[in-house]
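Shown next are two forms of a single protein chain, provided one at a time as structure tokens under the names structure 1 and structure 2.
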Structure 1
Amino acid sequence: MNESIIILENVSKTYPVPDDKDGLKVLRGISLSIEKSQTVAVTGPSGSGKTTLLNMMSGLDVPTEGRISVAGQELSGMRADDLALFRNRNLGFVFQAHYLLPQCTVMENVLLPSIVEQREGGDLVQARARKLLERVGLERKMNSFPGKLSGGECQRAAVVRALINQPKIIMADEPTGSLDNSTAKVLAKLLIELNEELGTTLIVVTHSEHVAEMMEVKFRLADGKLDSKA
């Protein structure tokens, strides 16, 4: 039987705007259920609220109205530190901006979420990091600092960082945005392979039709509403 891993019930988000009492209504009553191990693409015009939607699902921001449950946990009302731990344990997040720490090498950046967690021995995690970095073509950049990497290389390192704890769910915001076509394909393929190998649920925001086509379920966000695409 299918099992929902992310449930949104009537979720709305309105950002306050100075001198406008209505504010900016970005999400308007979105209800959605994502099954465990599903791969999902979210497309939509710039400014339509795709990042806002991911931020809601990951508990990085709170909805104005509605309820969200992730991996059996209702997000609203969770304490900030519990939420941070929950996120680190269950979610891998690839941000639109990569947020690598400039003072740490690629390898150190990638290992950061595993240090917080300390579930596994360091050798095991390092071996996994090495393998993943090889899969995205960064084997020769492991000891480089982000300042010496291209935008696309930073993005690939950020994807590996999101995968290092083998999260149940990966949320990726434009993970292939700054990559050329063939590298984008390699990265999207890696995400799909993780889905196949480990049953990782995958939610990918993308402007790329090609990447969207690789996902089982496709949604389009426009005018605050989410429509499923055939």
Structure 2
Amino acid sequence: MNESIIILENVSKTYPVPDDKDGLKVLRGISLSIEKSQTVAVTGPSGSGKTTLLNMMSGLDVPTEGRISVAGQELSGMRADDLALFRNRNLGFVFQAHYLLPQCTVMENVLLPSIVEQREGGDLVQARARKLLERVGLERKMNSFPGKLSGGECQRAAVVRALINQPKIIMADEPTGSLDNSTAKVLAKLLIELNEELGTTLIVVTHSEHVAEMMEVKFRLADGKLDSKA
């Protein structure tokens, strides 16, 4: 049996609402275990709390009730600085918008997360960046600026940026949402291939049923509850 890398126990999230003592209940008693190296999809209607769930797994948001453990670390009670360092060491993020800095080259964008905590020599990190950029077909675009890249190329660069610190977990929030169907399929396939090659756990929040079907484990979030589709 594989080791769990993310564990949620009876996690609920309620946001305060003026003149409503009950507030807005987004998540209701969710328990979940994700194993190392799994690929996981979370689908559900807009506003169902998919991004809230992902944010709590990363410590960007905190549950109203329940417990969350990620990579052996319980997130509750961690200081903001410690959480930020934990995310930089263990998590990589890919979003619908690539968030590449327009004034930086592809290589410079990719290297940004490694600057926060320089655990390795610059030459080693740059060598890894070049290898990853070659792996995703951007070897000729390393010195290009994002404005010269297609949407799919920008998202591939964002994937490499997410991988540069060799994270244990990749969290992708609608990573194909701004891409056409053909490019979306290519990117989803790339994420899975990198998962297989690097052993990184992959969690994808998506509206795309096609992307979800490519993952090993599938969940649907609705009415605050998470149901398995696998």
Ligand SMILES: Nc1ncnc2c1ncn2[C@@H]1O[C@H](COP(=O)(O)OP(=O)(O)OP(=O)(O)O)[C@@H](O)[C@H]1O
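All residue numbers here follow the sequence of structure 1, with the first residue given the number 1. Only the largest set of C-alpha atoms that superpose within 1.5 Å between the two forms is called the rigid core. As the structure is a computational prediction, the values presented were derived from the model and not from experiment.
Looking at the condition given, the form predicted together with this ligand, one finds it describes the source of structure 1 alone.
Hinge residue, chosen from 50, 106, 203, 91: the C-alphas switch from fitting one rigid part better to fitting the other at 91 when the forms are compared between structures 1 and 2. A rotation of 16 degrees carries the smaller rigid part relative to the larger between structures 1 and 2, according to C-alpha superpositions. Fit the two forms on the rigid core and the C-alpha of residue 160 turns out 3.2 Å off between structures 1 and 2.
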